[in-house]
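Single chain ahead, written as structure tokens, the form predicted alone.
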Amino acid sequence: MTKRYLFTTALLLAFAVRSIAGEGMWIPLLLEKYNEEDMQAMGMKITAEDIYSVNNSSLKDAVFRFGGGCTAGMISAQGLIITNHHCGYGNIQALSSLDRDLLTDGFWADDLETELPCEGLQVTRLVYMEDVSSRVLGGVEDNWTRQQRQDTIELRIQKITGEATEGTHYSAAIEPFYYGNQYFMFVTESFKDVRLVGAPPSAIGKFGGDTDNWMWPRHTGDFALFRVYAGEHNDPVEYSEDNSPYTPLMHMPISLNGAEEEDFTFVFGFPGRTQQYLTSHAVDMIINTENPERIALREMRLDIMDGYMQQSDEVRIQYAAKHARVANFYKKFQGENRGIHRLKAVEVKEEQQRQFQQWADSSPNNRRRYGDLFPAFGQAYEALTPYNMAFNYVIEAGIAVELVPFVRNFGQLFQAVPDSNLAQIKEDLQKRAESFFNDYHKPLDQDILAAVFEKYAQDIHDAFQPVVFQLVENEFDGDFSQYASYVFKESSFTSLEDVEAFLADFNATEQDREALRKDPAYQMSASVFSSYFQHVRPVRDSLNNHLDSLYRVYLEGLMKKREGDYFYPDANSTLRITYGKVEGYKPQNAVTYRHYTTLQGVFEKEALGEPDYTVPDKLRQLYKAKDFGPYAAGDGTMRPCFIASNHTSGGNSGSPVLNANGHLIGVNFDRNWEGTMSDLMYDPNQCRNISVDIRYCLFIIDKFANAGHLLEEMTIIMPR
């Protein structure tokens, strides 16, 4: 046996142990059946019924999906919710201006009347979930074609969800688990009147900025408060001044007891997407082909954004949320690659596959069903790789130019008919343009176009390139800077004034349509999308559908191989529980991180002189006076953040972090950089979720913001 084999076997054993590792994103409905005993053995003092109940109010009624990809926790009987500052960042930015910079200065409503409506923001509560696998899959045969199977399942899903929501204001969705081996239905209600209540200044809520993103130690007060409003009958309605604060079925008590080493903790939220069961072929493609190019393209965009944002406060505000989104995954991809290489994940996956193959070859039936899976996976990924690269360049270069997706909207004008729908289409496009140019800086986008399109042309095969690249070669000698100047000078879509003039003159004549076709920005946009839809998407979709079928059979086999050993499904943006313990970690030789940080670290970082480490004077005064109120830890320190071994992912941002009694002790906001590979492979020794300590949140609300009236509506458990 080689040393490498010993290493991978040890890792496999480590990943198989669930007792204290914290791995897994578990289905709340099944906690009582599969997880309750384990959770209580680790220290939990409540029951699975307290966490998720169909017949009674439970903690799941205090957990909301926030916007499109975060989580929030209900913390009062008057509809007050807490999430991350970075989750509400776009909403705070939309409410900001040069004259009222809520990002820089923060915001705290004095009363209900001064809370700020957030246009387009909604939060969603799970009413109940149900295992509908037998109703969806009953009678579906293995020998059916993929299309036959898919059509049958879609018809059944429509029927089941229709029956579940008939006569109600609820929505329902049925999601596949284990690549379609099981199906669960989620019945939800969504609230569309959500208002900003409080947010610390970015110097607290975003302290550390991109420098600290994905890193530990952390000192970020990453939280914000919003309020959910409802109609006369406490039901979801559109925004109205007549609406009242929503009365929830449950709100979370807040504990001032803090988080200490080895304390049991669990996270309740909506993790986005994990891929724990990918084969070695997929992992190799991601870390050696895809991620390096994503990193390079995002670095280009960030460098350009940084230059313009440093020159202008207006641009800084316009691009604050955009920059954060680009930077977030830029750093995540880097950490993911580092972690996967350190774990030798490809080798680990190959060993898992070797063991599966031995099991598959152990009987004729298994051999027929599962014996040829891995050669098929290898062939599929070899074929998929160039198409995935082309797709990634569409995302990271093509539509990374803001003008490209914006101008595509004007294709609606080709369907416009005078005296019919033309006026409505023009009105919709006018509104879209006003919103777009409110947060747009033309020179910045022009520079991004020149940079990323040049790399696009260099790196992607001619067959997958937009046709407009040939124009650049023929008419601009391949100079994308000249091409970018031409587009932004000649197009009718690079300023609000030009768009308004274009729409005013457009009467849906053939001459008008021809002018639209010839507009350089429209040609560019159409070229990017047409090359994708014609040459990339059809084959890529077909290959991914084939892979999806292979994974369904593979996961079916894993379930049989591990019969009696319940293992968690991948995250898919549905409500999950993850649990572990508060604990530090050792990122490298001779370095040990404890499980919490103190406010002292804020001022140590400030001394470094980095722009991301600025400190408000009021916070400095409170620190010098040690005026922490009842929110200090037992040793008298103020603790901004702590870490634990809960398995989290994107979407868990804003998730409530609870203690053994089900009391709120923190708000999850990040993972450590050493653990960013946890979407693909979890390492119990390195993977940690990072949370803002709820005591720091209350300290900021009470002492820093003088908004103690908000604490009066919370249920606060004083220190024991």
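One-based numbering along the sequence shown. For clarity, every value in this text was computed on a predicted model and none was experimentally measured.
Form predicted in complex with a small molecule: not shown, discussed below.
Think of it this way: in the predicted complex, the small molecule has a heavy atom of just one of His86, His219, Arg301, His281 within 4.5 Å, and the residue is His86.
Contact annotation: of the candidates Asp101, Glu556, Glu189, Asp210, the single residue with a non-hydrogen atom within 4.5 angstroms of the small molecule in the predicted complex is Asp210.
Site residues Ser255, Asn659 and Asp693 are none of them in contact with the small molecule in the predicted complex, judged by any heavy atom within 4.5 Å. Contact between Phe669 and the small molecule in the predicted complex is found at the 4.5 Å heavy atom cutoff. The small molecule is not drawn, but in the predicted complex it has a heavy atom within 4.5 Å of Lys206.
Although the partner is absent here, Ala230 lies well away from the small molecule in the predicted complex, with no heavy atom inside 4.5 Å. Proximity of Asn328 to the small molecule in the predicted complex: non-hydrogen atoms within 4.5 Å are present. Stretch 320-328 is the contacting one of 416-424, 320-328, 346-354, 629-637, since its residues have non-hydrogen atoms within 4.5 Å of the small molecule in the predicted complex.
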